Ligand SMILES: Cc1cc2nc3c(=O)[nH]c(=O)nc-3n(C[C@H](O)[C@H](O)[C@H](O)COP(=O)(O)OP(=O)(O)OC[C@H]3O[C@@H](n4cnc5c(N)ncnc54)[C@H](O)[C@@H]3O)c2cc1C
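Just the one chain here, laid out as structure tokens, in the form predicted alone.
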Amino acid sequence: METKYLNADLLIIGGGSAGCMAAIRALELNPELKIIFFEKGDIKYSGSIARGMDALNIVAIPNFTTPELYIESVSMSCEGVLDLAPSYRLAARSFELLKKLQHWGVHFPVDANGNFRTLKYHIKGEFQTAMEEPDLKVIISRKAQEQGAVALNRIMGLELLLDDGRISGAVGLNVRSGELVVCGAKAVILTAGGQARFSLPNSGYLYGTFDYPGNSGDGYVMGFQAGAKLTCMEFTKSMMLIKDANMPLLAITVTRGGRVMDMLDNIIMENECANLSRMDDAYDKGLGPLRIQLRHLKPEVIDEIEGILFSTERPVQERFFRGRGIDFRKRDIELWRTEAQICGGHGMGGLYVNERAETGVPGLYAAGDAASVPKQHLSGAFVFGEVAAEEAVAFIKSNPTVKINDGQVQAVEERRNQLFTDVDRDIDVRELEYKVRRLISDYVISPKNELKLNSWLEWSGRFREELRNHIVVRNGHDLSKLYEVAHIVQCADFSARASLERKESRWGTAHRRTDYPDRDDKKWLCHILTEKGDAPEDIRTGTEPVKGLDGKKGGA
């Protein structure tokens, strides 16, 4: 098959929230830049907010709250394991971001006094700012393209290209035809999302995940292979969400007076959802299924919740609840623990970046769920999309042109050609994905222990051999799924190695080791870094002290 060659100044891998914002900001700074997206889906509706959003989860509104209070709150939520400078920069730029979105026509409701409506979501402060914009993704994707960015839809990022240690572009795969696209670039921003398809969801559906199921850890693997470091990959978080749908609603319902109840009608949470561990505790004690009760609320509040859920936050929910015969005025919403995921937005795992979105590999930046700016949500995706763009534009201006490594491209082509066959192969890729994720559920996520984690590492070797030699690949779609499953296996290896390194329990169910049941700040108040060793499959782990606002250990 023909390999297509392109050139750009800036390549953005992932056309979600962070990617679109990065393109817009880069073209604001230099309208002459040639920017290309590799987007696995369709940029109009791709990413974790495929359509709209009900809030910016992090906004430090002047004269109401402060960046200092935000980093105090998020540090408590992360139990101290985060560098303060990136989180501070997020909060410091958040209000400017809100005003920019408002200028684009995004609606932020205000009260009678003209104040933005805020909700209690974090441990301290009211940083969640209500937003009513069902077409948010359409707005930002259209704006990026109208300013000149070119979106190559259905192109999955496979491998970053290097020129003497510096990024020089990437190879992508057409997920329908199996053809390769090689894009030379002076800088690359990884915004390909997190790892959504990790363990199995309670429904058993491979793609019935809380987050965008196209997020299969591609950015983590690409960055790792290029020499970037990962952090907090042991943080494998599951949440209590709508049973069988795994769709978000806590921040919409509970912050507006909804009650989370256990089977004994005890109220676990009401008016705020900062302490999610309460739900985990009740579930682990056998007090489930948990449920959200709304029928005690005023009719106008229930109408507001339905308006948000059914128009902005995944409108398919209206059909789902109607099909289940659930009227919020009469019946409660059953909750269940979702699949575990690795994510820099709702969680903590991802590429290790500083406050400039730099990964440590010259010319490579990361933003959104692909980057570890802990619990950054949509605000972080937007802010660090802009930050990455600003740094990339400056890097492009001050560094000479790079060249494509033809030998590296040829190696990717040969690997693709070996996999693209159904001769002497007998395993369907979907069957293998089910087994992989079932064993991730068994061995990699909490409760963890050394025996289970090492058992996964033994199984992953078998899965790699099956991926190389036994998967039937009839078309480009099968081929893309094979690469995705390979990335799922690789991310599980990252997580298992990092979990073995962190010999303590921390973050509730996100990292609970039964052989080390206690939290140990003296030894483990630090990052667990994961990086590439000498061999292709060699994963090295180590520790890195958390840094203060000045970027130094213990800094102020």
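Fair warning: this is a prediction, and the values are worked out from it, not measured in the lab. For every residue, the number given is its place in the sequence shown, counted from 1.
Absent from the display: the form predicted in complex with the named molecule. The rest refers to it.
Heavy atoms within 4.5 Å of the named molecule in the predicted complex map, among the stretches 492 to 500, 524 to 532, 507 to 515, 35 to 43, onto 35 to 43 alone. Residue-level contacts in the predicted complex: of R314, K435, R256, R117, one residue has a heavy atom within 4.5 Å of the named molecule, and it is R314. For the candidate set I488, I49, L27, A60, a heavy atom within 4.5 Å of the named molecule in the predicted complex is found for exactly one residue, namely I49. At a distance threshold of 4.5 angstroms between non-hydrogen atoms, I13 is in contact with the named molecule in the predicted complex. The named molecule in the predicted complex is not approached by E358, whose heavy atoms all lie more than 4.5 angstroms from it. Within 4.5 Å of some heavy atom of the named molecule in the predicted complex lies at least one heavy atom of A18. A residue is said to contact a partner when one of its heavy atoms sits within 4.5 Å of a partner heavy atom; P374 fails this definition for the named molecule in the predicted complex, lying far away. The partner is not shown here, but in the predicted complex the stretch 376 to 390 reaches within 4.5 angstroms of the named molecule through a heavy atom at H377, L378, S379, A381.
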